[in-house]
Ligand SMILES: NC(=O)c1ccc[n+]([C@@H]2O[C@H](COP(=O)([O-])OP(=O)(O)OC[C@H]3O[C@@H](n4cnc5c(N)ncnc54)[C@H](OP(=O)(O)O)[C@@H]3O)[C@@H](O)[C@H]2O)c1
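Just the one chain here, the form predicted on its own, laid out as structure tokens.
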Amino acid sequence: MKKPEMMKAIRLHEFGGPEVLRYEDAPLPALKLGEVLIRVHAIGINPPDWYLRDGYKMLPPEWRPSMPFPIIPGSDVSGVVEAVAIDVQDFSVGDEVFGMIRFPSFGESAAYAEYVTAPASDLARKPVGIDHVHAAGVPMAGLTAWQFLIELGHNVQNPLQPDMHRPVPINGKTVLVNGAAGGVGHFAVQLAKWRGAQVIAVASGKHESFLHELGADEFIDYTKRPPEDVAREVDLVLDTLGGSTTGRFLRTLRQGGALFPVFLGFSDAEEAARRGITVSMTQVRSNGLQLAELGRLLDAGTIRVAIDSTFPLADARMAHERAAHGHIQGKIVLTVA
């Protein structure tokens, strides 16, 4: 069967709010060496998607990349291999795969589409026990939790800190996860439990039973009391929200503990040094081998993916509006007919 030359995709022709996401015809991507062509069934949406959409306004102007329009956003897909480059041996036409494509890169992942090309090294076979919607919710959030907590898996230096990020041993330790019900957070809770930690989950009250089901030992409802006023002698805080308020968690940590903020903004280095606390972060990167390990845990039922909501690809704008509303439980996913 001859492949089409055009496909439907979501494209940006300018930066802005959800209204700039346009569902339209786009050329099918060209297959390069080392790549496979995927017929996409589902697409996971992530914060970098809206950072790109609004032109990386949260970055200083000199850090903002220049990108030619039109741009197809997105990085996380689950689908079926439609074609493979001549040098690819790990995948065949018809394989069900999932992955985070070419991340980090600016506007090159191009996942909000009916077809996407992907380096074979960014992919893993989709777990048999879950559908494409759930698989599409895994890559970025699951890999972020994995690379912060379990194994970094790359040697790319974070330019914002002098030392490489190193996960710390958590077996028998107390781990607090802030933003525990979200994409990264709900994986972090489960991976920390899998590795033998006592887990304190911080989220709003409506997520309490959900997080206990995922294995959280304690729950703090941040709408009733600030977590930094409750938790004490914690070994590790994974703050999935990060930002300028992340320093408040220093007081929850024991001497010699660690604070891992997922987003930029920490500015209390002197206090951290005084308390002997390691503050470290990293940028998640595509890694098919780590994704395969996550896939095995998903197939075994050791961890699971929660889906907040799904939207057809054509309604990506509505999905971004849902994301902006916050209080997400798990992942938002786009579906491709």
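Throughout, we count residues from 1 along the sequence that is shown. Just so it is clear, the structure is predicted and the values come from calculations on it, not from any experiment.
The protein also exists as the form predicted in complex with the ligand; that form is not presented, and the subsequent description refers to it.
Contact annotation for the candidate site: Ile170, Val234 and Thr278 all lie away from the ligand in the predicted complex (no heavy atom within 4.5 Å). Out of the listed residues Pro127, Gly182, Pro73, Gly257, Gly182 is the one that sits within 4.5 Å of the ligand in the predicted complex by at least one heavy atom. Only one of 198 to 206, 127 to 135, 76 to 84, 105 to 113 places residue heavy atoms within 4.5 angstroms of the ligand in the predicted complex, namely 198 to 206. Put simply, Tyr51 is close to the ligand in the predicted complex: some heavy atom of it is within 4.5 Å.
Interface residue remark: Ile150 is not counted as part of the site for the ligand in the predicted complex, having no heavy atom within 4.5 Å.
The closest heavy atom approach of Gln290 to the ligand in the predicted complex falls outside 4.5 Å. At the 4.5 Å threshold, heavy atoms of Arg22 stay clear of the ligand in the predicted complex, well away from it.
Taking a 4.5 Å heavy atom cutoff to the ligand in the predicted complex, the contacting residues in 224 to 255 are Thr240, Leu241.
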